[in-house]
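Quick heads-up: it's one chain on its own, the form predicted alone, in structure tokens.
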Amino acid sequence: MKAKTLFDKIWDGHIVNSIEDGPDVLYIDRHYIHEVTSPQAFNGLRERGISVFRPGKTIATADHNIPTKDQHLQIRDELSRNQVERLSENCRKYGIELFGLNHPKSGIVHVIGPELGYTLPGMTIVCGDSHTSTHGAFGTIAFGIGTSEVEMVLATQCILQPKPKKMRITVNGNLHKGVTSKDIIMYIISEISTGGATGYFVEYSGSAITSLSMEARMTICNMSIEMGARGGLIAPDETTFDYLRKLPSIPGINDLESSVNQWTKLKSDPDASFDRELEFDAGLIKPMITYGTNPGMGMAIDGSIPMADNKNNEASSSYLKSLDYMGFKPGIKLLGHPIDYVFIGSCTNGRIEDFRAFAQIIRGRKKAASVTALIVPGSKKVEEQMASEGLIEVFKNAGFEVRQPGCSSCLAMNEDKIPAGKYSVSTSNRNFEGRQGPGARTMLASPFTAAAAAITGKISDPREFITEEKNVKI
């Protein structure tokens, strides 16, 4: 029998039909939807006079453009209010489970899926959102789809999809103090560029990856698409199974240990071949920060902005244009550069471990007076955990305001926008021009680095605020 990768095993096991010289018809185990990319898909069903084929396979929540303050009141923004109302109406009409605004289990779609037990090893998972790759941390094939494809899955529970090539990225070695999973993935993207994994589905492996918690693994897989990959996944192991064992319940699973016995087989065969292999040394990674307008423009926190490549005039011009937008120049260091905003949250770093890490540096200190901070939990459950663990009190004592769950300033579809020209240190996943608001200047970083900036009011090395004894892996 031919050796297979983990990706091959899951993909091949979900093929309903293969079109000669074309895409596969792939069965989808779990479909997540939200208020922004689903209304047109439901309209398409109505226009064709058809229903949702398997409504029990779809889970809905409102997250992208909901407000993060006063969620008990009517949404003031008309577009947002209309989208949330349409989502509720569509879910009622088609019998889809909805965790809507103010529901005790609501939150960002890629945060609540795992914490509610809907994301399980070996699944195929799609959502009308690019960061669906997050769920790959559980050993799933998870990827984002467009609105027309959302309609396709609602109607058939299948999707037409060409099979991507396979890449394995191995990260071995020990992480140094203050280096997190966010720094790992930012480092990888800075090394291979935002197009370095285009056309591939990436499997992450190596001792540095397997040492990470599930929440940290979700951060890694979340940003896979920022290097052009179709998605990323990590083979399930005891860390995965222990995470699932601690959940209050798992829908559709009556005998968890029996399922675990099956999931242990979900790994690449020792002699399986990949189309491309890359390896990195975890010991070379430092806390990272971006300096430009794409996630590939990242560097070590104590580094200098690289010089332009004068051999390629077009690339050099684009590079300098990006730096001009940010107000930076080649060769300068960012340490000590004043910042205006800090955002911690999003489907990248909005889980409880991220806020624990943020609190580690914040505890006993005060927020810089010049900084406006947006602290936004990824779900109601995370919000409750923050309260029960005393983290909200820590943040309030330091001068911070904790918002209510939502995507918030990650994409600024609500009021949580960064003003033009202002600098934001953000734990989200994208730093495109205007991503956090028209003219906003975004620097991506880990929760540790965001916390250090929040208390100093400038780009600071988080390692200066972390002792070896208190260092945590996130």
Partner chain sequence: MSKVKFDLLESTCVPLPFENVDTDQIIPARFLSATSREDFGDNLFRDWRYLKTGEKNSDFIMNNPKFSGKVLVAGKNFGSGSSREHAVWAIFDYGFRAVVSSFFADIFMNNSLNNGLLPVVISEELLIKLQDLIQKNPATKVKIDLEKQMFTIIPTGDSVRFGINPYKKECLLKGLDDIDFLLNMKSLITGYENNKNLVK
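Numbering follows the first chain given and starts at 1. What you are looking at is a predicted structure, and each value in this text was computed from that prediction instead of being measured.
The discussion below concerns the form predicted together with the partner chain, not included here.
> When the contact criterion is heavy atoms within 4.5 Å, does residue 259 count as touching the partner chain in the predicted complex?
Flag for residue 259 set to no.
> Although the partner chain is absent from this view, report whether residue 314 comes within 4.5 Å of it in the predicted complex, heavy atoms only.
Because a heavy atom of residue 314 falls inside 4.5 Å of the partner chain in the predicted complex, the answer is yes.
> Residue 206 versus the partner chain, in the predicted complex: is there a non-hydrogen atom within 4.5 Å?
Heavy-atom contact with the partner chain at 4.5 Å: absent for residue 206.
> I'd like to know whether residue 195 contacts the partner chain in the predicted complex, with contact meaning heavy atoms within 4.5 angstroms.
Yes, residue 195 lies within 4.5 Å of the partner chain in the predicted complex.
> Would you kindly say which of 86, 333, 245, 276 lies with a heavy atom within 4.5 Å of the partner chain in the predicted complex?
Residue within 4.5 Å of the partner: 86.
> Can you pick the one in 213, 404, 294, 372 that has a heavy atom within 4.5 Å of the partner chain in the predicted complex?
Of the candidates 213, 404, 294, 372, 294 is the one lying within 4.5 Å of the partner chain in the predicted complex.
> So, a 4.5 angstroms cut-off on heavy atom distances: do all three of 368, 397 and 443 pass it with respect to the partner chain in the predicted complex?
No, because 368, 397 and 443 lack any heavy atom that approaches the partner chain to within 4.5 Å in the predicted complex.
> Can you tell me which of 340-348, 146-154, 283-291, 355-363 lies within 4.5 Å of the partner chain in the predicted complex, counting heavy atoms only?
Going by heavy atoms within 4.5 Å, the stretch is 146-154.
> For the heavy atom contacts within 4.5 Å of the partner chain in the predicted complex, list the residues of 198-217 involved, in sequence order.
Contacts from 198-217: 198, 199, 200.
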